[in-house]
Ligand SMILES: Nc1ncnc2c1ncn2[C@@H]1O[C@H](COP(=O)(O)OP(=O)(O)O)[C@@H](O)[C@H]1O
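Given next, in structure tokens, is a single chain: the form predicted alone.
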């Protein structure tokens, strides 16, 4: 009998204290002694993620949490692990070499074991916050997400309703609905945008968390991570999500705003070269504005903005939302905002 059938995992959250036993129970390693070292990986709020060193290579074990690690009460179904596995399989075919490889999918513990990126690779977010906005990386990401949007995803199509329910849990409620509660005067366009994201025609594979923190870069390539919000929906969400993060970096580092804008242009040019006629500029600006506001006044605000910078981001977000035109034409600029 296969070890995976003989000894299903029934333990607590998988982490440093038990990951060696878990991997042995799953047959990923022959015994717990084959795990040489392990450490928690931080940076996210939605999952327990453990880096594992074995004699044959580096692995990551990821298990989603029901209660996300934020100040607000934010819960989501842990079955998103299975959606992530399905999306990773699509990505492996559509954009080979740009995502981790799946090693094991545990439907009982709702946990994934994947290959780990080279140790010197770092999140693109770190480079951006340091003021380095590589247009080449942005262009490559535009191509990657366009190819993913163009790929079929039968496994996700079979559970489209479930995928949209998870998207509402993880994005619409904590972002659009939360901002509408904080700013009732904006509720109309915010909720209209949310409806468009969940009821649009011709749905495609949407990553759902396509942001710089989920892109690892090194001198020899890049990976896109964290597909747990993957679903069949409106492609504009992923494009607007990436743009919103570049906008927020421009608010934080106005001295580097032109380079972030150049990166945004490269990203959009690459995307539209693969998927022309897919993006209406006004709609893209509206959705970008929604997401800028969401990362200030939603359930998961970005951590790097000072109070004056949050005020500046609100002004930019409101402008994009209420008077939308091409995002690049409304790009934030000006002198650094300082605290009183």
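Numbering follows the first chain given and starts at 1. None of these values were measured; they are calculated from a predicted model.
Omitted from view is the form predicted in complex with this ligand, to which the following refers.
Novice: If you check in the predicted bound form, do 172, 175 and 302 all have a non-hydrogen atom within 4.5 Å of this ligand?
Specialist: Spot residues vs this ligand: no contact at all.
Novice: Picking from 304 to 312, 26 to 34, 54 to 62, 268 to 276, which part of the chain touches this ligand in the predicted bound form when contact means heavy atoms within 4.5 Å?
Specialist: Single hit among the candidates: 54 to 62.
Novice: Do residue 234 and this ligand come within 4.5 Å of each other in the predicted bound form, heavy atoms counted?
Specialist: So residue 234 does not count as contacting this ligand.
Novice: Is residue 115 part of the interface with this ligand in the predicted bound form - any heavy atom within 4.5 Å?
Specialist: Looking in the predicted bound form, residue contacts with this ligand include residue 115, since a heavy atom lies within 4.5 Å.
Novice: Indicate whether this ligand has at least one heavy atom within 4.5 Å of a heavy atom of residue 38 in the predicted bound form.
Specialist: Judged by the heavy-atom cut-off of 4.5 Å, residue 38 is well away from this ligand in the predicted bound form.
Novice: So, in the predicted bound form, is residue 256 in contact with this ligand at a 4.5 angstroms heavy atom limit?
Specialist: No, residue 256 stays farther than 4.5 Å from this ligand in the predicted bound form.
Novice: Just to confirm, with a 4.5 Å cut-off on non-hydrogen atoms, which of 129, 187, 216, 164 contacts this ligand in the predicted bound form?
Specialist: Exactly one residue meets the criterion: 216.
Novice: Mind listing which residues of 213 to 230 have a heavy atom within 4.5 Å of this ligand in the predicted bound form?
Specialist: Result: 213, 214, 216, 223, 225, 226, 228.
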